[in-house]
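For reference, the chain that follows is the form predicted alone, supplied as structure tokens.
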């Protein structure tokens, strides 16, 4: 009760130079003997609990626990390892790309793939993107990781062109705040030009939350790339709250329906209604619709019956190494 009252007391405002300034508090709590035996460890644990409160949305309190401590320490170790790998130029090739095919939903023709980053350390232990990308976003490592993905994808596309694999479009995920996104886009354009590649050999995938950071100048650049044949997709569509005005403003070619909606379309009426609505809305805007995470024949049948254009998922292919993409295309 005392902590709640303290938090309420701190949730106040001050007037400075005729301007009202509001403050809130994030409080970490650690208890002597139960959580710590010394003053130093007591303060350290309270500090760790405070960061848990901030992660929970701020303006709240968190009590230290062994589970939270282990979670934070693991996250610190993961970020430190990532930082080390990137600063050393990935010399041991711990970071690498896999490619998941996107197939035409009617005839299963294949001409596109999504570049997906993977991390396997020297001991052979693989850390999946869901476990390190959110941490990279919080620790500002996402810029370096995105630059790595751009470089590797462009390098691979250049190699495919030399080896006769001429028409496999690579989709790359770009995200970040306004400054980071503009830097990534400029790096991407420079990479394409320096390797003498066509923009039509690539696609850019944006998350819905990234749309808030896109400037008018970036929209102009995206529009130029679209006119040169590059696809521009909104990834995981439906998980955030993008407005129709944003879809109208941006040079989007594609909507990718999030896999969480696809997983239930065989028997969940709400998911069925949402997916049908997205498909109909997208087609009314003359957009291509891609279904992510297709894993069963029943899901594929539903999507085909409702005129979805493209699908990717384990029903067709797991993410593949570049050499397997080459073979898949050459034998198709």
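What you see is a predicted model; the values in this text were computed from it and never measured. Numbering follows the first chain given and starts at 1.
Below, we turn to the form predicted in complex with a small molecule, even though it does not appear here.
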item: Interface membership of residue 128, the small molecule in the predicted bound form, 4.5 Å heavy atom rule; value: yes
item: The small molecule contact in the predicted bound form: residue 254, any heavy atom under 4.5 Å; value: no
item: Residue 116: touches the small molecule in the predicted bound form, heavy atom cutoff 4.5 angstroms; value: yes
item: Close approach of residue 83 to the small molecule in the predicted bound form, 4.5 Å, heavy atom; value: no
item: Region of this chain that lies against the small molecule in the predicted bound form, out of 69-77, 159-167, 246-254, 128-136 [heavy atom, 4.5 Å]; value: 128-136
item: The single option of 226, 187, 155, 259 touching the small molecule in the predicted bound form, heavy atom within 4.5 Å; value: 259
